[in-house]
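In structure tokens, one chain follows: the form predicted alone.
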């Protein structure tokens, strides 16, 4: 390989997904010369917006940004860089083929009022359940704010961490403290059944305990996933539904603009093929073009398995660590169908009220149908009736269709369960069949929607791996279950954002605390990287390039 030397940086961030850009923003804000390298032509990764038809843009994969950390927005001044957030009153609209619908609002009292017609018991129980979810998730938010302790050489900082977490746990009170210990390992189906009797309501809430994961509602630990989805935001029992004006890509562009303003360099069409090392330490990256770029710290926004197995030299990593990395669970079961529609689809359960369609549209008729859909994926088969979470973001954000014919709408549909590994056939041959199954489910609650389709895009788990570098097609980089939680994310002993190669860090969703579009792992990783940079400066091994290092 022919190489040429490039200007040295303090840190190189691999990938320009939202977490990578968050990390780059914080590093640059603190004075580190930071370079972001992205193999695609655009920043954002799965938090992007794609033009599917002339003048009509759709979210590539993730369609809401409700878990984005307010502190990230504030610290990086994202609003000044063009970020505008839109939050409709309706969080979830869950229609049934019989023409009825369950509606969850951000206001628990309003949701409870609408439940009276279904179940007086559920209406009475909902506000208390919402309160419980918020209280328990606050403790998980406290965990998410922290770097997991050093289990090899614990120090004074780890003792302080224990005190902080102990204080947060005591703050739950005796009843809620017992509850969270009991609930975390539970199946989310059991958790919701303790409060509600209506299957549709149970499913609407339990869905967030399995969304994006290879879990069913009867899987142990799925209750913890539900609580984690409500951690650090205003989700509560209904969950968050917040859009970025202009689509998720607008968030990525704001993050990139903020990072550049703070001094970072962002390079696209720059494919990293290796993390270079010397004497067991990261020294920079090598690009597919043959260029090598030097930096004492390399930060990967890629998933942990791809980072360790594909980018790090096997001799440097060693056989034991390669075996451990190879066993990180990433069984992707998520597909995405993007639609351009010639008009607003008619949902009989909405009674013509388009405001109900501005939140997340959930087609999950009950707990058992979700579990049966999961069962199919366990045996390498796409579900005949996948669970769907859809949005029509153009109803809340007309800028997505500002250049399209009048009346055009875009629809973003997450389809689960579609396993990465098919028992029969392959995804290239089965892609459109999956799209047809999704349309059939949509037709059951929105008759005639197929006749409105002007353009359709189907992304299978294989597409997510090939196009976005998600090993196994997993949107969260690794399973969110309890065996990949806190100290165990991504691997026991390496949950502190520092990977087994000195100077190599992890900042993506495969790091603690995981999740979708939150910026949380990127924010936490930056804190640890800066701590190490200050330590290096104190030791005199590096000289700062600018004040504030």
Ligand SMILES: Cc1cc2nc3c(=O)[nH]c(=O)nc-3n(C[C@H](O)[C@H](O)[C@H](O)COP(=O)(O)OP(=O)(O)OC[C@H]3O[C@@H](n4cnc5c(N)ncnc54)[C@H](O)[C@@H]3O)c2cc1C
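Numbering follows the first chain given and starts at 1. These numbers come from a predicted model, not from an experiment.
Just so it is clear, the following notes concern the form predicted together with the ligand, a form of the same protein that is not shown.
Peer 1: With the ligand left out of view, which of 133, 94, 400, 334 would have a heavy atom within 4.5 Å of it in the model of the complex?
Peer 2: Of the candidates 133, 94, 400, 334, 334 is the one lying within 4.5 Å of the ligand in the model of the complex.
Peer 1: Just to confirm, with a 4.5 Å cut-off on non-hydrogen atoms, which of 373, 112, 388, 272 contacts the ligand in the model of the complex?
Peer 2: Partner contact (heavy atom, 4.5 Å) among the options: 272.
Peer 1: Run the contact test on 102, 364 and 439 with a 4.5 Å heavy atom cut-off to the ligand in the model of the complex and return yes or no.
Peer 2: No, because 102, 364 and 439 lack any heavy atom that approaches the ligand to within 4.5 Å in the model of the complex.
Peer 1: Only one of these stretches, 36-44, 23-31, 492-500, 50-58, has heavy atoms within 4.5 Å of the ligand in the model of the complex; which one is it?
Peer 2: Partner-contacting stretch among the options: 36-44.
Peer 1: Please run the contact check for residue 504 against the ligand in the model of the complex: heavy atoms, 4.5 angstroms, yes or no?
Peer 2: Heavy-atom contact with the ligand at 4.5 Å: absent for residue 504.
Peer 1: At the 4.5 Å heavy atom threshold, is residue 526 in contact with the ligand in the model of the complex?
Peer 2: Residue 526: no, not in contact with the ligand in the model of the complex.
Peer 1: So in the model of the complex, is the ligand close enough to residue 480 to count as touching (4.5 Å, heavy atoms)?
Peer 2: Result no; residue 480 lies far from the ligand in the model of the complex.
Peer 1: If we define contact as a non-hydrogen atom of the residue within 4.5 angstroms of the partner, is residue 347 a contact of the ligand in the model of the complex?
Peer 2: Because no heavy atom of residue 347 falls inside 4.5 Å of the ligand in the model of the complex, the answer is no.
Peer 1: What residues of 59-77, in sequence order, lie within 4.5 Å of the ligand in the model of the complex by heavy atom?
Peer 2: Sequence-ordered list: 61, 62, 63, 64.
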